[in-house]
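Only one chain is included here, represented as structure tokens and corresponding to the form predicted on its own.
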């Protein structure tokens, strides 16, 4: 199927996949590839446009990532963002220098609204800046199209060669008219018709999976969460009975979740899947005994998952492919490429060096959570499954600070179950995008029934977000928080104190470890 495509070249910035998200929201298909993608490969892909992302490097350093200058002679429109803007100007003869005043955060920008990128954009608009290096002088042939009080070249263009650059980040929501700027690039510079939709992703993915797998056997890591469920149904539509879904109950799931997953995907469920449940609770508890460091816990759980799958694969015969429900926030936070490592995810950072499979398939690897949900609806998965609360692969192990034990798991399961019940009763289960209870390693003195207690403190966490890359804490009513707190302290023996987390992301992450 022929389709318009925007190529995004990744220079290592933390906002990189947000660019892809915005492009897709404007109904144009896009792919993210490394900055050093060969020119011949780019020509083969024949993109309608190219976007350079931001990045943490200083463009004048010898080891800074750089593209081939020939790219600017292909006649393909190019948009450089932040580091990408500096790189474009640096390679084409402009001057890049350390800014006299660092710009970070909301910044007033004056734009020329008669230019390609800024058509119908306010002449004075608010953009999100994040730089210490700036373009001191635009490259020959470029016209300056925007400036700030301290940045002489906040944006520039070479209309003849279809080259555009912006020092700020139009992809983040803090840039008030950023979507309009990106839409101008897609429609006015790249001449995109903007008619790609999620059903195109589903259709294309099914076809590509079918071609890749051929007659091979596929083993899917099914947790019952949104991501793995969508991945499983996508694979089942592509290869049918060649797929075996293995559900590992590692003893770190939410209350009653193991039985709920089996009820949905097992023999009595609605899906035509080969379903195997592996009860490995004690095996994981033994591996985690005495381990407190978060990264070690993640690595242990990730490796143990793979080992369980290898064992199951041997029981069912030769298996060619392993499927995982990895999504992009997992990838970017694990620090692949030049991005900084925030935390590893068991799907991407916890894989052992030797995996006994031909290849790993991650069909959702370039999607954000809301895009995964859209794909799920397109696949016909019921809404109550599609909008299920996000749950991390390592499970409650990263919602228990410190060592993981069966006793602690029971405490956090019961507290979390109460929180989810009360959120649903109060009608906040869909307005908060993620919410859960976590168990701290802090114990404190309490008084219950005229007796002294010395028990654990529990933390409630609820956030609102669209892409899970940034988030705000949910402003829940104190009456609701008080009701949850009262029930937990009264009903969960071993917890005598409840707190509510009022931290956004950043500076915190959504999960605790």
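Residue numbers count along the first chain shown, from 1. Source: prediction; values computed, not measured. Here, rigid core means the biggest group of C-alpha atoms that superpose within 1.5 Å across both forms.
Form predicted in complex with ligand XMP: not shown, discussed below.
Can you work out which of 77, 224, 294, 392 has a heavy atom no more than 4.5 Å from ligand XMP in the predicted complex? By the 4.5 Å heavy-atom cutoff, the listed residue in contact is 392.
217, 417, 298, 169 - the one with a heavy atom within 4.5 Å of ligand XMP in the predicted complex: Exactly one listed residue reaches within 4.5 Å, namely 298.
Does any heavy atom of residue 29 come within 4.5 Å of a heavy atom of ligand XMP in the predicted complex? Heavy-atom contact with ligand XMP at 4.5 Å: absent for residue 29.
Wondering, does residue 468 line up within 4.5 Å of ligand XMP in the predicted complex on heavy atoms? Yes.
Is there a heavy atom of residue 505 lying 4.5 Å or less from a heavy atom of ligand XMP in the predicted complex? Answer yes; at least one heavy atom of residue 505 falls within 4.5 Å of ligand XMP in the predicted complex.
Would residue 244 count as touching ligand XMP in the predicted complex under a 4.5 Å heavy atom rule? Output for residue 244 is no: heavy atoms all beyond 4.5 Å of ligand XMP.
Counting only heavy atoms and a 4.5 Å cutoff, which of 107 to 115, 380 to 388, 307 to 315, 393 to 401 contacts ligand XMP in the predicted complex? It is 393 to 401 that comes within 4.5 Å of the partner.
Ligand XMP in the predicted complex - contacting residues of 152 to 174, heavy atom within 4.5 Å: Result: empty, none.
Taking the rigid core as the superposition reference, indicate whether the CA of residue 396 shifts 2 angstroms or more between this form and the one not shown. It does, since the residue 396 C-alpha is displaced 2 Å or more between this form and the one not shown after the core fit.
Is_shifted residue 254 between this form and the one not shown (CA, 2 Å cut-off, rigid core): After core superposition, the displacement of the residue 254 C-alpha between this form and the one not shown reaches the 2 Å mark, so yes.
Threshold 2 Å Cα movement between this form and the one not shown at residue 471, rigid core reference: Shift at residue 471: 2 Å or more after core fit.
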